[in-house]
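Quick setup: one chain, the form predicted on its own, written in structure tokens, and binding and motion questions come after.
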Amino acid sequence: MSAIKLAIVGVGKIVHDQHLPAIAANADFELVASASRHNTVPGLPGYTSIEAMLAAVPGIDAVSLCMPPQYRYQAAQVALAAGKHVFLEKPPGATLSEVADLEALAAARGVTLFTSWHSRYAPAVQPAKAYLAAHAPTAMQVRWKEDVRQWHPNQEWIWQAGGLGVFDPGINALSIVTEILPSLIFLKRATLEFPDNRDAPIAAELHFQDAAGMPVHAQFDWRQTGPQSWDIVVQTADGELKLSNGGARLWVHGVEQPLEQEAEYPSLYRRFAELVRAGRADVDVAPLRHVADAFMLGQRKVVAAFHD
């Protein structure tokens, strides 16, 4: 079976840190080109736009779109209209309407659209999901706190409208929450803290419930220094379950569980290859829907200006 000819669009830090190593280790893909306004992938032909790339390399089968979410819809529309399979970095778009339109276009063109949520492939996630399927949760606490200066230095797009602010990492937590809980949850109230000089929040506090009233309390903050916190603690009638390190570690009843080695992005590309080979799509917007609800329902609180 021939390799899927893949191109990368939007060559930034996440591409070098995660995408390129995962693609190189996957025999299902052959990376053949890139498109980015300012960067290239060493050893590959590089173009400044997706249109120029597709015109120059018509044999491309699939594209991974890794630019900021505000610019992803146009590139995805171009790729799908050209009959290319599309991998969307998280979040899959700046709005739910954009993703819905892309899903319809992919179906009409008969190609794959994959909304990737890398944190769902952390090693603790599926064991936690299985445990909660057998032991009903009674409450959940989410603490996702990190230092934006460490993870997003001088990235202005993330502070612009549509860049999501603290929800850029927070949506990773929501992707885990929506994967492991056996019931749907709904936002009841929220507070979003906006720096006086920014158009996106630096912190958020969210309160959810499911239909039976089970509470989920989530705290996201970009001002944490020192050790970073990516923890989800779930209470059940049989005791406590805890995921930490973004889903890399798992405790049940206070006992740490053995897990497989972390392989989030290799798992994403294995999934993408499966979808392309099978001619199917995988479009899940549940995490993005919760973020949209937070912006709709949340109380806006202005806090001190933030400077990198």
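The first residue of the sequence shown is number 1, and the count goes up from there. Owing to the predicted nature of the structure, the values given are computational and were not obtained by experimental measurement.
The same protein also has a form predicted together with a further copy of the same chain, omitted here; what follows describes it.
Of the residues given (Ala161, Ala81, Val233, Ala133), Ala161 alone sits with a heavy atom within 4.5 Å of a further copy of the same chain in the predicted bound form.
With a further copy of the same chain left out of view, the stretch that reaches within 4.5 Å of it through heavy atoms in the predicted bound form is, among 221 to 229, 93 to 101, 117 to 125, 146 to 154, 93 to 101. At a distance of at most 4.5 angstroms from a further copy of the same chain in the predicted bound form, all three residues Asp199, Ala211 and Leu297 contribute at least one non-hydrogen atom. Remark: Lys13 does not count among the residues lining a further copy of the same chain in the predicted bound form, judged by a heavy atom distance of 4.5 Å or less. Within 4.5 Å of any heavy atom of a further copy of the same chain in the predicted bound form lies no heavy atom of Val177.
Within this chain, Leu187 lines the site of a further copy of the same chain in the predicted bound form, having a heavy atom no more than 4.5 Å away. Remark: Ala292 counts among the residues lining a further copy of the same chain in the predicted bound form, judged by a heavy atom distance of 4.5 Å or less.
In this stretch, 76 to 92, the one residue having a heavy atom within 4.5 Å of a further copy of the same chain in the predicted bound form is Gln77; the partner itself is omitted from this view.
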